[in-house]
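A lone chain, given as structure tokens: the form predicted on its own.
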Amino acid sequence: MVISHIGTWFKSAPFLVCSRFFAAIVGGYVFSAIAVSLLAAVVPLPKTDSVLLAVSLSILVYACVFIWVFSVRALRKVYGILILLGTCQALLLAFIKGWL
């Protein structure tokens, strides 16, 4: 009986909206932070210029991820793509920096 109430709670509109906001805010922040680090590492400019360019573009990346989270229908797809792309970016960054 309690399990059926939990199942309906996970499908309720307030939970789905809060989950999307969590994915947009936290997931977007993590995704854009990894993207900025990766971009600063691969741009063939002097170190200060590449960091400034990457930080400037981070605002755009974060805004795009935030908008994208609310435009996708399936919440599982949102979390899956954020986790998959974030992991790929982190592994690529670790490979480029020589951490692996």
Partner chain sequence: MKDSFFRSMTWLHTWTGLLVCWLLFLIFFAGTLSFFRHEITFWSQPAVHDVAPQDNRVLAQQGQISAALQHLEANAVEADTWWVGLPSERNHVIEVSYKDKGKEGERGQWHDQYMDPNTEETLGEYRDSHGGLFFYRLHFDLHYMDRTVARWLVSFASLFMLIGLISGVVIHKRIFKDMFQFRKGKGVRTWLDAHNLSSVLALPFHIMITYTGLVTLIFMLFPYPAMTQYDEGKKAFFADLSPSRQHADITGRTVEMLPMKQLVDQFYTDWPHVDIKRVIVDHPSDETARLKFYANTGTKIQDEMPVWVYNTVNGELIMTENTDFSASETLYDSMIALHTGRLSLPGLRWLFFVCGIAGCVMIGSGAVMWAKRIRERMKADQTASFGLRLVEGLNLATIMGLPVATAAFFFANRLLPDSYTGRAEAEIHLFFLGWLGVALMALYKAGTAQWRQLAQLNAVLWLALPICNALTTEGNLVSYIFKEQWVLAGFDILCLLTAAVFYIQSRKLASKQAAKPAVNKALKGQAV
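Residue numbers count along the first chain shown, from 1. Just so it is clear, the model here is predicted, and its values are computed rather than measured.
Although it is not shown, the form predicted together with the partner chain is what the next lines describe.
Complete contact of Val51, Phe66 and Lys97 with the partner chain in the model of the complex (any heavy atom, 4.5 Å): Verified in the model of the complex; spot residues all in contact, yes.
Contact test in the model of the complex: Phe21 vs the partner chain, heavy atoms, 4.5 Å: Because a heavy atom of Phe21 falls inside 4.5 Å of the partner chain in the model of the complex, the answer is yes.
4.5 Å heavy atom contact, Leu92 to the partner chain in the model of the complex: Output for Leu92 is no: heavy atoms all beyond 4.5 Å of the partner chain.
Cys88: touches the partner chain in the model of the complex, heavy atom cutoff 4.5 angstroms: Cys88: no, not in contact with the partner chain in the model of the complex.
4.5 angstroms heavy atom contact with the partner chain in the model of the complex for Val17: Residue-level check for Val17: yes, a contact with the partner chain.
Within 24-44, the residues that have a heavy atom no more than 4.5 Å from the partner chain in the model of the complex: Residues within 4.5 Å: Ile25, Tyr29, Ser32, Ala33, Val36, Ser37, Ala40, Ala41.
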